[in-house]
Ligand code: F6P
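To begin, one chain is listed below as structure tokens, in the form predicted alone.
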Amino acid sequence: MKRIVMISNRLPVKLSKTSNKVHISFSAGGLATGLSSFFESRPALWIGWSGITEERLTETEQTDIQEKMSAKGMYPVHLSRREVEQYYYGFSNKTLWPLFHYFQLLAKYEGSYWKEYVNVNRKFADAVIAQIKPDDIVWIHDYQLLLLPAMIREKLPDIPIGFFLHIPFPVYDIFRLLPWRRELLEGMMGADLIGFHTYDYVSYFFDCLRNIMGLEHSLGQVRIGNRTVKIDTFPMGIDYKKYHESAVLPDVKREAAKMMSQMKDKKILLSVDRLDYTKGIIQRIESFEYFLDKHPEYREKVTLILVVSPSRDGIEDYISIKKVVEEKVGALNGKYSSIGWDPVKYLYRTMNFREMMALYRMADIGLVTPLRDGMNLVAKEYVTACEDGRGVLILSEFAGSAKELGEALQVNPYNYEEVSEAIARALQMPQDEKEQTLKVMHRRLENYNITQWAEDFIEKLLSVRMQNEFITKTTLAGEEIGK
């Protein structure tokens, strides 16, 4: 069985250093947890940044980390403080992230950011090339490494290379704003297979290839040089079994019961997000205020639990949005609070898995209304954790998951009246309608889980690679005959 070499910006571990000692712990959640069962079933190597800058590590500590991670099937790429600042916080999250999420006015086009982005992608390429074996499969993930496929292809022309983008790909008129738009497309096109969450993103990518590089596609395939690149849709799933079964574990039930007793029979709206301007947290609070204004009969009967996980604390835009969120929550609670009831229960912290499952289980409504999101797995997790017909999902039409979860109450998150009426409808929804809606979505999420997603991607990648090998052999044979 071929080994898969996974490459992402971060390894699925957390490193911390205290008293000259480095501690390594494994991350919970995210891509790593979701793919754990898939990777346990086959040989694999994961390459990514260790999460701690070079300046904080001695050579001995770097060697020690490398040995410990090697035993777990990982290979760390060490980055300096400047590289993290310019490549990650800079180009990745101050240029690409806002632009790809349609916040083009927040995007910063700094030459120093771009230079370090190229340098770090090259550093990742060197790490991959040093670790690769002839029969390996390379699978690169996300916007931090858009240049990496071509850099690896340059040195290893015969290796199967797949690339998957986990965030939205924007329309041509947005993408063209990038000064380095052609270089980024050329980097991605080093892959044999490029995957996106939705057909819309694929269509926008084709528009960019045509308008910027003059490349046309035929049935989702693009010919570039003597290779074919396949561009396709792979809507990422979740570990359905894990979330579905965890929802009924005794400790999760106890945690949910404890939380519900504190809510004193209030109907619960649940919002769970990282702190990010793309998530629509401010608009969600304002929509809930609009709901309480228009439906006074629900005051003191409904509580919004607003869970916000800390994220990218060093970026100015994130510091600003945290302040605004807290001001909005304070103003809303000040406007409507009564003895024993606050409209919004605000939790600014990272939840552990048990707490998160308990919140999913107890919530009457999952309020998932990002302004733009590549997929949004919280929507899928919430639906999967809903038991006994309890739970209604209100979902932004601008989330990638909206393409799969058509039974959810879909809304425009900028339209406060529409969100307000969706909340009212969810609270009034008959039990049999809830059960039927959840049943349909459960079946879909179970059938296309994260393992199926990964297997489909790898199978398609190997198929395209075989096709390219055939093209190469045919071309060489033709050249030989023509001599």
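All residue numbers refer to positions in the sequence shown, first residue = 1. The shown structure was predicted, so the numbers you read here are calculated from the model rather than taken from an experiment.
What follows is about the form predicted together with this ligand, which we do not show.
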| field | Residue (of 294, 227, 274, 123) lying close to this ligand in the predicted bound form, criterion heavy atoms within 4.5 Å | value | 274
| message | Please identify the residue among 342, 142, 83, 317 with any heavy atom within 4.5 Å of this ligand in the predicted bound form. | response | 142
| Check all three, 88, 93 and 167, heavy atom within 4.5 Å of this ligand in the predicted bound form | yes
| task | Answer for residue 97 alone: is it within 4.5 Å of this ligand in the predicted bound form, judged on heavy atom distances? | result | yes
| Does at least one non-hydrogen atom of residue 10 fall within 4.5 angstroms of this ligand in the predicted bound form? | yes
| said: Test of understanding: in the predicted bound form, would residue 312 fall inside 4.5 Å of this ligand by heavy atoms? | reply: yes
| Looking at 263-271, 143-151, 213-221, 73-81, which lies within 4.5 angstroms of this ligand in the predicted bound form, counting heavy atoms? | 143-151
